[in-house]
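Heads up, the chain below is alone and in the form predicted alone; it's given as structure tokens.
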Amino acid sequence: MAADSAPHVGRRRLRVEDPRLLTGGGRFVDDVELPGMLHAAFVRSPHPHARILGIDTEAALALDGVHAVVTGADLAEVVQPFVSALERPEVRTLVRDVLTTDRVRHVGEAVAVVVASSRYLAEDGCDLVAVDWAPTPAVADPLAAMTPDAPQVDPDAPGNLVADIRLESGDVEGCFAGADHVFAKRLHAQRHWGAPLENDGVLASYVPATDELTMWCTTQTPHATQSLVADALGMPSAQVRVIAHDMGGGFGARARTSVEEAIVPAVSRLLGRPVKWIADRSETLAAGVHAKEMVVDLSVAVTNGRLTAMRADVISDAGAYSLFPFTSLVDAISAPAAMPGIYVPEALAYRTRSVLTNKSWSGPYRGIGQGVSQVVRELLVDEVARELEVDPIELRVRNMATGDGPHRTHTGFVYDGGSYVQALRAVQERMDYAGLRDEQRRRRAAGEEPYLGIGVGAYVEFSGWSGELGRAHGYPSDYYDSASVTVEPDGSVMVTTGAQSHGQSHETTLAQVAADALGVAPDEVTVREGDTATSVWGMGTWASRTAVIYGGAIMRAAGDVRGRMALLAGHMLECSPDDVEMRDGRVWVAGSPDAAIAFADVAGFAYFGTAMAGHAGTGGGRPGELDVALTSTRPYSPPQVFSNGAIGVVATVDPGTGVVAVERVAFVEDCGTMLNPMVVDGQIAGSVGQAIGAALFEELSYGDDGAFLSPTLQDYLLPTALDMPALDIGHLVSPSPVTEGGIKGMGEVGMVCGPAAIACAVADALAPLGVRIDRMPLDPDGVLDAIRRARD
């Protein structure tokens, strides 16, 4: 097959984005400069919980260069508050003013914005704003927040409860009552976040003469942000344009609408001038979207070596506000839903509660809910294996779904099948599992340090988040996502989607999809997105949905256009459209490829009634019945779809220092049809890096009094390239039977299974000491504390 010949899907095509990004040609929010632009900085709370008795702005306004100081009172009449609601009786509707007027509920909450001719002057102005605070008691621990005497974070959420949801399926009590063994454990998963390289930013430009607002911002959901900001400002959506071209990471944390995305446009509207705000790292750490802090109690009933029932109690720390617009249930509802994982218990029950505390709000981050469920469940499965003296891989295989066909879980999901057992067996072989166990026994017998640990796990990943998958989670909503495909007069192809690329290579991979669907080279396809004025509507990029949803929408739209091209080509070639074939930019009658005409000539015939190369079949012009548009916009909302895979981790633990080193990772994934294996490998490598951080380093720490203890990257440790082990990546391909093209999606993988496998490896290394892992992350202090507690 020639290098540029179809099919292009499934090939390792270099990223077309890289030359632009690697040569400084990217256009991020802070790169945009507008005439007359002002700069904003926020006055933020140093207190975790306090009433605001007054705000004195006089000194700040007197500073040369300061144009305005805006408080919540100034915005009360021009910005509607955020309402976070879910149409479920178990969930409370909570309201948040975008700029508070009466009290702050966490360190870093904004109380005023200073607008000046430069960012430096705006910061100086913030220092001159005098806020009269009256600190009140705060609560930082979610368990303490549920006690009767705990401070109330929001008077509309008695007991600090946002939601209390229960589910029971099957004979849970019977399974536990009749079990040979019952195992239980508690895990406190730490609060952390996606840590994108580019800080949050908003540039808003309101033009009074036309009543139009254009905003550049760091969002994964440009169209949803357009709708929500327009609603908050009381403007028609058509008058608001949101642009999110290049963005330095998102990882789910920008699948929300931030208060700054409402405040900065409102200030621009008040002043009639462009206003830019770029967050510094400390305010992003203190006031950004945090994630994943949960206390999970899990118990399993085991009979004859089989996991017959699971019972989970999940307490999810929402922070001070319910996230807008998805509510604080992002982790709270996904973690118990994902609790069965790859296993097939006879019964399952869970209770999940979302609890307010005096911390920044909590929301999505790569692998929502699934990662924490995987950690507590896989640690417990290993504890079962040790107690029953069964090899942990064999115990998993004994209790796994086969993947041979659809499987319905007790939590309402329908897995579409995959290579569940095959993936785990492939990891077992790639990591030389038997050899590693032999080496571990030798080292233990010799008393060698550091200790060697082995962690394994299999997973399914919620992919392609559509309305159906959302409803299965408990979100009673639908989503609209679309793609548009247009063949231009010269035969080149324009694709627009409602997605937003922040590192996922959409310009490369979606071009491969369109190219195969139309029979042209990927170089002939241009992909545009991230601008509500030039791209079709969609819910954006998050939850591994772009390849599945927008890839499927492109296939459908391109199918329409291909049919119209065949109609035109049939006239030109004097054959039935059914006999027309297209590939590699050429069009011919089936069986006669040597008499092909150019794809571009057919496009020219559509627009001008004559082929650009003057093909003989076009001399009579284009008949009226061939007056067709070479463009189509199609939505796509797929059924539930799940990718799968397995991971093996080899780690060492120094019992003297508590330092953990991840030495090797073997990874086998199955995302169905791969659009571009090189991009798939990149997603795996990046997510494994984040998994190492999640397991061993990262924690957004708060004191018991709500003081924020991680305001800089000296306090919030991220993994570096030196912490990355050798990756051994393998692929299996089980195309989905329910999606267009068999695509499954896979953007979360490492954060779904990685932290769990690393934790299992640490627990395995320390098993002879009787250590049980009950807190994350496993930093040196945490490991040494676990060893001390085991010895005591």
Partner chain sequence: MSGEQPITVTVNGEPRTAPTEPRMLLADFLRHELGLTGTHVGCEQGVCGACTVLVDGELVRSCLLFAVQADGAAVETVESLGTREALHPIQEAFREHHALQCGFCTPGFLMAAKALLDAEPDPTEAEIRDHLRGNICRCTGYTGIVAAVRAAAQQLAQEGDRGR
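Numbering follows the first chain given and starts at 1. Fair warning: this is a prediction, and the values are worked out from it, not measured in the lab.
What comes next is about the form predicted together with the partner chain, which does not appear here.
Contact annotation: the partner chain lies within 4.5 Å of heavy atoms from the stretch 683 to 691 in the predicted complex, the single such stretch among 265 to 273, 152 to 160, 683 to 691, 547 to 555. Proximity of E383 to the partner chain in the predicted complex falls outside the 4.5 Å heavy atom cutoff. Contact annotation: Y607 falls outside 4.5 Å of the partner chain in the predicted complex, judged by heavy atom distances. Residue contact with the partner chain in the predicted complex: P768 places no heavy atom within 4.5 Å of it. In the predicted complex, the partner chain sits within 4.5 Å of a heavy atom belonging to T720. A single residue from the set S282, Q190, T652, N399 has any heavy atom within 4.5 angstroms of the partner chain in the predicted complex; that residue is S282.
Contact annotation: of the candidates D74, D231, E346, E198, the single residue with a non-hydrogen atom within 4.5 angstroms of the partner chain in the predicted complex is E198. Taken together, G24, G248 and G503 are fully in contact with the partner chain in the predicted complex: each brings a heavy atom within 4.5 Å. Interface residues of 26 to 48, taken as those with a heavy atom within 4.5 Å of the partner chain in the predicted complex (partner not displayed): F28, D30, D31, E33, in sequence order.
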